[in-house]
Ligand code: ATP
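There is one chain below, alone, in structure tokens, taken in the form predicted on its own.
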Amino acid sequence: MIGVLGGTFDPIHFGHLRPALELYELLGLEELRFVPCHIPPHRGTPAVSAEHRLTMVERAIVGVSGFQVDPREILRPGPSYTVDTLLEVRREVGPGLPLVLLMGADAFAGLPSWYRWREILGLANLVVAQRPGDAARPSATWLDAASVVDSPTALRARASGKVLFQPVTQLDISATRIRACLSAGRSARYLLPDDVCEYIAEHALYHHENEESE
């Protein structure tokens, strides 16, 4: 089973990485692919270039077993639509391998605004990360109750079409706050990996920025 985790990663931080690691282990994934977005369709232009964001992801996950960087959206021109990425991955892995798209509860709630969103469940299963103790699942009038499963094991029986709501540790860290911190000349250490901090300092990224994207 292969996981896909997309995002602008502007910059990548422990709020991305800790839930990703927990999902990798809980789901028993063979690999988890981090897919940095090139041109986000639903938010502002990232604060730094796609190349910088790709390199920061590479530095953040180096040496972590099962974690891989997938640059396909960076290399693909035009807006970075998730359905296009899943179509490409599905063609590569074949029709029978279980594929899971990882997302947060906010992204799940906004799924109907995504480009060709109804095709996504035909290409992959969804795993929606939730805070531990959250009893209520995000409402989705479009979601068939029969599609919802209660355990990671159930995902392995289907290549696509199922939805799992999975509690994970969610840290109160945001890329917006990190950028504001760096812009003000303060340290972002302990909010993101040291190798990423060093890369940001080396290239003087996020100086004098005031962006709203994550």
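No experiment lies behind these values; they were computed from the predicted model shown. Don't overthink the numbering: it's just position in the shown sequence, from 1.
The same protein also exists as the form predicted in complex with this ligand; that form is not shown, yet it is the one meant from here on.
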Open item on the list: Test of understanding: in the predicted bound form, would Thr176 fall inside 4.5 Å of this ligand by heavy atoms?
Closed with: yes
Task: 4.5 Å heavy atom contact, Pro193 to this ligand in the predicted bound form - done: no
Task: Arg156 within 4.5 Å of this ligand in the predicted bound form, heavy atoms - done: no
Open item on the list: Taking any heavy atom pair closer than or equal to 4.5 Å as contact, tell me whether Cys181 reaches this ligand in the predicted bound form.
Closed with: no
Task: Complete contact of Thr8, Gly15 and Gly104 with this ligand in the predicted bound form (any heavy atom, 4.5 Å) - done: yes
Task: Option touching this ligand, based on a heavy atom within 4.5 Å in the predicted bound form, out of Arg116, Arg91, Arg76, Arg131 - done: Arg131
Task: Region of this chain that lies against this ligand in the predicted bound form, out of 61 to 69, 25 to 33, 183 to 191, 167 to 175 [heavy atom, 4.5 Å] - done: 167 to 175
Open item on the list: Heavy atom within 4.5 Å of this ligand in the predicted bound form: which residues of 47 to 67 meet that condition, in order?
Closed with: none
